[in-house]
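In structure tokens, one chain follows: the form predicted on its own.
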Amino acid sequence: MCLQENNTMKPHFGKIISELRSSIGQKFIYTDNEKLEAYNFDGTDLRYWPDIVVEPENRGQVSQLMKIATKYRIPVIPRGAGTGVTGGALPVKGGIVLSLLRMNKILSIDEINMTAFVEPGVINLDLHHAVSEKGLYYPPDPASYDTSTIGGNIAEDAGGPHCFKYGTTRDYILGLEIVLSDGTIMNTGVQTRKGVVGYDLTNLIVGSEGTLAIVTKAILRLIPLPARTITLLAFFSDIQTLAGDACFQNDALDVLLAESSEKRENLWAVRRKFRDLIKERSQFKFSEDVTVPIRQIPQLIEGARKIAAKHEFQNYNYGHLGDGNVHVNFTHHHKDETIVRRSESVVRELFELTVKLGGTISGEHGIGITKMNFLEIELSKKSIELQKKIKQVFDPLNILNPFKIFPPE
């Protein structure tokens, strides 16, 4: 437990547990080590223990939790399936991990308006299956689509291979039901394709990594299910020759056509295992999801190779070339303090190159805690200052997923 780090919680711990159990329910409040350990990690190698885990089943319970957290100034860390890779769902200073996995209902699917109302704990793949049965399609498909939740996708503005043609999660969120840091329940956005009344709070929440509000329901935009899907696997000898629509006209070494849904799934299964396959070949691995204008992809990859060679790392790259999102991986055959320190220089040089090429240091994985010290590479001081003020307006006590995105002052 982390009570020694969270001084505001320690003297009131008994009262806090009592009030939580009274308002939310005895069986959904956890303080045992086995449960806490299940929530002390995400897709990174980092570990931070929560003091309490709460698993609510409706918005009212989330609201009650935030009222108690406000009363005692307790950090609350919203969490989906914990598949994020920047530490965004980790309780870095203890506090309460708010798991939204039990809020996993697809509330309705409207075939006429082509919308879906869902709770944040719905698994991305389950939603895909549910809407496809009605001839509809929800395009966002992050690599973890079979385990990640819609709420987590909203928090990170997740994309995936389909976003080149269809866009990211942000493009499919019409409105949200949210709970603010003081427990207030409110709605943002609309149920229609058009709506320009006031500021766009919905888009502000999307990608905010749980630092502004807790999503308890989402109104999703759907599109007609594509009549046909074709998947190709093409091999090229050089990144410079990979361009255009006709693979062989651009010197593809070979092209494999997935003629059935089974073969298509097999190809994508291999693609989604790239991260694990690369990790198995090394003692130390780290990766970044940078994005550059499409024309700059060859320069990015060549630059990444040079950076890796300079610092004696191996470099592997894959991603979504159609939208410029490249997952740049660096590995080393062993791990010690010197190698870890050297990796920080590798990351900084990669980010500097990315921004120089007109890109961004995070395409779909957010900032969390792993990228916060590099924020100034892309954002001006004024931009960071304004964003901190927005955070303060939404969360004046700084209890909603604190110590994320912005480096400590």
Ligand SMILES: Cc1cc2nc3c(=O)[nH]c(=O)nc-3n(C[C@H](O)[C@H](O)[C@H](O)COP(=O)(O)OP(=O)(O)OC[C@H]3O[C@@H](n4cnc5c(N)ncnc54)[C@H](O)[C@@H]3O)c2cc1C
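Just count from 1 along the sequence shown to find any residue number. All values reported here derive from a predicted model rather than from experimental measurement.
The form predicted in complex with the ligand is left out here; the points below concern that form.
> Given that the ligand is left out here, which of 96, 100, 304, 118 has a heavy atom within 4.5 Å of it in the predicted complex?
It is 100.
> Report the residue, out of 324, 175, 139, 82, that has at least one non-hydrogen atom within 4.5 angstroms of the ligand in the predicted complex.
Spelling it out, the residue with a heavy atom inside the cut-off is 82.
> Is it the case that 151, 209 and 320 all touch the ligand in the predicted complex, with a non-hydrogen atom of each within 4.5 angstroms?
Affirmative, all three are within 4.5 Å.
> Check whether residue 144 has any heavy atom within 4.5 Å of a heavy atom of the ligand in the predicted complex, and answer yes or no.
Contact with the ligand, yes.
> Residue 213 versus the ligand, in the predicted complex: is there a non-hydrogen atom within 4.5 Å?
Result yes; residue 213 sits at the interface with the ligand in the predicted complex.
> Just checking whether residue 275 would be counted as a contact of the ligand in the predicted complex - the rule being heavy atoms within 4.5 angstroms.
Looking in the predicted complex, residue contacts with the ligand include residue 275, since a heavy atom lies within 4.5 Å.
> Does any part of residue 300 reach within 4.5 Å of the ligand in the predicted complex? Heavy atoms only, please.
Although the ligand is absent here, residue 300 would stay clear of it in the predicted complex, with no heavy atoms inside 4.5 Å.
> Please name which of the stretches 305 to 313, 328 to 336, 108 to 116, 87 to 95 has residues with heavy atoms lying within 4.5 Å of the ligand in the predicted complex.
Of the options, only 87 to 95 has residues within 4.5 Å of the partner.
> What residues of 355 to 380, in sequence order, lie within 4.5 Å of the ligand in the predicted complex by heavy atom?
Contacting residues: 364, 365.
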